[in-house]
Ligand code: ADP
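The form predicted on its own is given below as one chain in structure tokens.
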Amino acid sequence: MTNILEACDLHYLYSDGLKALRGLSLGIEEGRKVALVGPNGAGKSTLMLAFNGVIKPTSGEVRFKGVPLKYDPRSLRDVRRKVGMVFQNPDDQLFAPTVCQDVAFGPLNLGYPKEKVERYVDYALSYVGLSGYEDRPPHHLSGGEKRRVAIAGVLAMEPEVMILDEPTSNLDPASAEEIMEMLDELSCGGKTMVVSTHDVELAYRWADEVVLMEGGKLLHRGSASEVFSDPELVLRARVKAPLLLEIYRELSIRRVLNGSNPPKNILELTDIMEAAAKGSEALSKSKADLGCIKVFNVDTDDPSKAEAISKTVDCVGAMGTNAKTIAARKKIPLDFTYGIIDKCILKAIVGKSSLIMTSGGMVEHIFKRIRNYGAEWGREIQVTLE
């Protein structure tokens, strides 16, 4: 894969003398989900501002698709269309009297015709679940709703890369999970995603790659399991290991588990523990012993069909804003609203059937996740598109 964004020997000195970046070099591969992790003062936010052209490095350069950024107004407008940024505090990003005007600002600034602006605003607000909010003042919205408006404003400009500074800060757990699920969906649609976060639990389960930063420098980069399984790295970066890994490490120290295959999620941990307790052969079950998973694409089929299917299964989950909206409209009770694929796999293991309502962009991702799980653990769960 090729790098879509590159930081090349970046240095940045703030006017108060703070050295925020100290010779940092980092490439971001196209289509990846990357989490920047580190303590306050590590340089995460400064790096993101440099990626978006908000600040110009004191020395070094930022490249988009191999081409160095230029800092004249026309070039910056172009890069900010391709590399969209959502700030940590949405109030720093929202300024217009209404939600519609706020989301339309970017496309209008790019010179799009009125019809195109209206179409893109409608699409972006629908995508983040805020259709009908067009005339509301942004300052009347909740924190989660403001975050969604900020994301919509970026989406309306059709960026190739989205960078988000602490996207779940100050949100309740359910809102935070919904935001991360939305970012997953955008990633499956082909966008490159870069987030900064202090939340190691979030970074561990979400990111394809974790970049540890400390003191304006790159400390280490690698898979989430590789990075957070190294106690020395975690200590140097002044972060803590994810709870899942701490439990796994303790069980390994006590020789309950062998310590060779760190789990990425609860599903993997339970399978590892079951294999240790019963033997790996005990994990394999015939299709008759396993529950099935039904997938319903809300973008292409009649929602009434989903309502009928929901009455024939044990559990129902909805992935994505559109699916959740339709479930609410059809009064379909939801058992799962986040972590849905793995929760449905867990139910299938104990013989229960599930329905996953989702949008078209996530269908292939769901099938791939379930089939990869089956290949790894010898459990061929039946999954069908309804």
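In this text, residue numbers run from 1 along the sequence as written. Treat the numbers as computed from the prediction; the structure is a model and nothing was measured.
Not on display, but discussed next: the form predicted together with ligand ADP.
Among heavy atoms of N322, none comes within 4.5 Å of ligand ADP in the predicted complex. Residue contact check for V62: none of its heavy atoms lie within 4.5 Å of ligand ADP in the predicted complex. In the predicted complex, no heavy atom of I370 sits within 4.5 Å of ligand ADP. Ligand ADP in the predicted complex comes within 4.5 Å of a heavy atom belonging to T46. Interface residue among P39, G351, G66, G360, judged by heavy atoms within 4.5 Å of ligand ADP in the predicted complex: P39. Along 12-31, these residues reach a heavy atom to within 4.5 Å of ligand ADP in the predicted complex: Y14, D16, L18, A20.
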